[in-house]
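One chain is shown next in structure tokens, namely the form predicted alone.
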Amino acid sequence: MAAPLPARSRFVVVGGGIAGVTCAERLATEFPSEDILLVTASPVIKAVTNFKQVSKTLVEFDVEEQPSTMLEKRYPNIKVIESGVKQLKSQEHKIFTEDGKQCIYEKLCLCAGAKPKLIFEGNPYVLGIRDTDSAQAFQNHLAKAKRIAVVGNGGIALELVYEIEGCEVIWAIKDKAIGNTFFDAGAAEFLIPKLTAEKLETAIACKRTKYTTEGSEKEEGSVAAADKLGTALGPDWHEGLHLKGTKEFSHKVHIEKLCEIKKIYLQQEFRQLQKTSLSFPKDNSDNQNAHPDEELWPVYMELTNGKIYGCDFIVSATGVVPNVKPFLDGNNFALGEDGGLKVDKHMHSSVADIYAAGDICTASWEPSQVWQQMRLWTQARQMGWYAAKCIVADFLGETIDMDFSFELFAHVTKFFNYKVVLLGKYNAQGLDLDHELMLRCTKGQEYVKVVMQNGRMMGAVLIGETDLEETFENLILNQMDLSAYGEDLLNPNVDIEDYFD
């Protein structure tokens, strides 16, 4: 039997996450008579819904998991190929999928995202959470758990620790304070009381339709395979999951700071070594008299601070690495320090006719002084949209300016049920030591921090309903000298908006 003929398309996009879907949609709109091929390993794609432009650079949107057939219905010229990519031959302009198909492209955009950095590959008691399948596996394990360990300090770890009820949580972080990627120690202190409070607030009903992959119930005891990647989770990934352990209390979290996992022992090995593990600490002070733990656990973790804790399983939430492996062999891609495909200011990789967007790429242009790359939803959408714009311009032989969304880093999210807005160099990233911080905090209500340098606002963190985001966005963008206002800049009795409309 003759091999099937390769599929041909002027435009091929790899990846069914936010960046890939946004890129394919935009290309489909620009070229209604061309077939756009979208190659994705997952049966569900991520679509942006309820998009709202909050201000010049801040956007809010929901991320909805949808069957790929819905995308094909909305855009009849998008054809979805449901398979992972096995190999790319850039000189032949050809990709080979895992199920034996071939696609020939003129322009290719790689949006294959990133995969979780698992602390210990192949250990049945270590779970990474990245996609719907692994979140589902996590829920199944948690239902039977009395104690779990969470390792990592990013967005997923923060959400997880807050949402889990009825289960002891040992949270190991390598930093001095929680949420170090998103905010400083002051903001962390503002949020910590929420970890011990009983959750009184009723969860706001989630308006997103949920799709799970049919037949994805994993065998008990198996953990979602790390190499079978779905698309990344949505911002409310824990909605609709029942994150409750076996115990009858709400929150019980113990934080071990400035440490990492040194070793993991399974129960049998642990008993043979005759080591001592600690019981769950009664309070979070470091000088507690920790008692040996009488209980036997399936798995034990030894931390670099010498402490050992037993638990039912360990959640690895230690960030992601760009998913570049399927594309490197035989192709001359320049890679960034973080392992991503380097892209220039037109989202073009170092290989002819290949672009990249979202978590897989590393921005290697000279960024504006108040923008930085972070692997977040908002940037995946911006990059996917802009990459399509660049592909269109390149194809039509037109010139194009850098998109305005790369002028200012701006992200809005939710942690511990508070609205969190991050603007510019919100953690003074890359600024010299001559910067100053100004703070305003009302316990349990709001936390406002601005980063100032030479009288100009360079960044801000806003937690709670502060209504300051638009004003601060303008102040950072226009780099006005604010020295004259001094501390009044954050005085709650001074209506700052009147000054700067």
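From 1 onward, residues are counted along the sequence shown. Keep in mind that this is a model prediction, so the values were computed, not measured.
In what follows, reference is made to the form predicted together with a small molecule, a form of this protein that is not presented.
Taking 4.5 angstroms as the cut-off for heavy atoms, does Pro281 touch the small molecule in the model of the complex? Looking in the model of the complex, residue contacts with the small molecule do not include Pro281, since no heavy atom lies within 4.5 Å.
Give a yes or no for Thr318: in the model of the complex, does one of its heavy atoms lie within 4.5 Å of a heavy atom belonging to the small molecule? Looking in the model of the complex, residue contacts with the small molecule include Thr318, since a heavy atom lies within 4.5 Å.
Spell out, yes or no, whether the shortest heavy atom distance between Phe182 and the small molecule in the model of the complex is within 4.5 Å. Residue-level check for Phe182: yes, a contact with the small molecule.
Mark Gly154 yes when one of its heavy atoms lies within 4.5 Å of a heavy atom of the small molecule in the model of the complex, and no otherwise. Flag for Gly154 set to yes.
In the model of the complex, does each residue in the set Glu159, Leu376 and Thr413 place a non-hydrogen atom within 4.5 angstroms of the small molecule? So, yes: the whole triplet contacts the small molecule.
Heavy atom within 4.5 Å of the small molecule in the model of the complex: which of Asp293, Glu165, Glu407, Glu260 fits that? Just give me the one. After the contact test, the surviving option is Glu260.
Consider the chain as shown here, without its partner, and state which of Lys244, His251, Lys174, Lys307 has a heavy atom within 4.5 Å of the small molecule in the model of the complex. Partner contact (heavy atom, 4.5 Å) among the options: Lys174.
Which is the contacting stretch out of 294-302, 267-275, 394-402, 319-327, given heavy atoms within 4.5 Å of the small molecule in the model of the complex? Checking each option against the 4.5 Å cut-off leaves 319-327.
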